[in-house]
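Here we start with a single chain on its own, the form predicted alone, put down as structure tokens.
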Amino acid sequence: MREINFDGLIGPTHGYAGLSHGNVASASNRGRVSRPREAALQGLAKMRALLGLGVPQGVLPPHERPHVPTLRALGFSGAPKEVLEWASRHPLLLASAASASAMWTANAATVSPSADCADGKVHFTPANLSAKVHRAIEPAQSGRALKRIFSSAHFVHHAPVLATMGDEGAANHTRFHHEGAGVELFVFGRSVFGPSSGATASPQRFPARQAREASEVVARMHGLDPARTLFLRQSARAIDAGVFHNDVIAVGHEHVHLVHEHAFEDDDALERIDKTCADFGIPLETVRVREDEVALAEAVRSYLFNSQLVRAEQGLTLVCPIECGEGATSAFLEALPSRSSIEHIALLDVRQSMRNGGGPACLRLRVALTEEERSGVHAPCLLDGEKIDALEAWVRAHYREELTPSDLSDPALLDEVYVALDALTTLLALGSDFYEFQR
């Protein structure tokens, strides 16, 4: 079984609307001029770099934005030009319908490999993303993309969890494994039934997004072994520091868990993970990062834990945002190979994404597949150097160099997006009915 990273292709309306309360970087860059072409090219350069490390790469297409059907559902009527003009008087609603946030495919879905599922198939559950208006419009298109790319009998696709459950997808999901079935960890910040569920502390500054019950639904639908499945509460202190998802405070892969000491609310959380893995023959190596090594605020600034931990040809490699090469995080990374199985550190520039609070790990969905299962994947969405060349040429042909908030109501932008996405569906052989505007 081999993991493939499916990165989100950053869309033409990439911008800084600051829509994600609790995401410090997103809020601090609100209203800045964005550079969609640069953002998309940075994302593709990241995919090329991972390929160069020997890590298989796939791509997930951007969503249709601005999403005129959403604006119509919000009461804005008329032709598309009239809808955009009217919605421009409600900037937050227009920004929500135009957000390119689907680029962060770590939240596209929760994926469980066939080795973990009772029926021996790979299971996908699109995240409902109900905590944020701009992301709650994503599940239908994410589900459509996943069904088209993973369409063989090896794959099972579920409907998103009920919106009232607050599901947030794979950004709060980690899998540890050695050989065969693994241990799946789901992290939550609240209960849909309130504090009576046993919470010892609640965040005061920012809201907890994901509910335990949502993860329990996903685990049941995927047919996971309860003995191999853990549900742990995210630290309220971390949430208030800007750790809106667990992948901002911990990263795990295979037998390694790089985790901040303030990641979890319960003092015995790490011991429970270690014990469960040991019970099933997974020799987990927990690298616990102390506050005096990398403070919570520094972890949020640098996005150390939103790095990708991958099995590269040269060994376990931590792929970090370039911001990790500064300050206390840099000193920590320099010493990391001497205290862990992580052999190499790679720094990548994804600054356009980072300014919205999304590091390398946010930009990819992890899908572990056997060779037989991989043969059932839609091949045009699997990448090599030639396909990345073609995607880069597509970006240069269709993306604006800069985008301001006022540009979102420009009817010419909508036309540009439709032309670009029409061309992309041809390039990726996704069909002429992939997007709503095409249907």
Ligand code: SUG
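Predicted model only: the values in this text are computed from it and were never measured. Residue indices: 1-based, along the sequence shown.
Keep in mind that the form predicted together with the named molecule is missing from the display, and what follows is about it.
Within 4.5 Å, heavy atoms only: does residue 424 come near the named molecule in the model of the complex?
Outside the cut-off, so no.
4.5 Å heavy atom contact, residue 126 to the named molecule in the model of the complex
So residue 126 does not count as contacting the named molecule.
Check whether residue 15 has any heavy atom within 4.5 Å of a heavy atom of the named molecule in the model of the complex, and answer yes or no.
Close contact exists here: in the model of the complex, residue 15 approaches the named molecule to within 4.5 Å, heavy atoms only.
Does residue 358 make contact with the named molecule in the model of the complex, using a 4.5 Å heavy atom cut-off?
Within the cut-off, so yes.
Partner absent here, but in the model of the complex, which of 254 to 262, 349 to 357, 331 to 339, 181 to 189 has residues with a heavy atom within 4.5 Å of the named molecule?
Stretch with heavy atoms near the partner: 349 to 357.
Let me know the one among 306, 234, 110, 210 whose heavy atoms come within 4.5 Å of the named molecule in the model of the complex, would you?
Of the candidates 306, 234, 110, 210, 306 is the one lying within 4.5 Å of the named molecule in the model of the complex.
Looking at 9, 417, 19, 430, which has any heavy atom no more than 4.5 Å from the named molecule in the model of the complex?
Contact with the named molecule in the model of the complex is made by 19 alone.
Since the partner is left out here, which residues of 236 to 265 would have a heavy atom within 4.5 Å of the named molecule in the model of the complex?
The stretch touches the partner through 244, 245, 247, 248.
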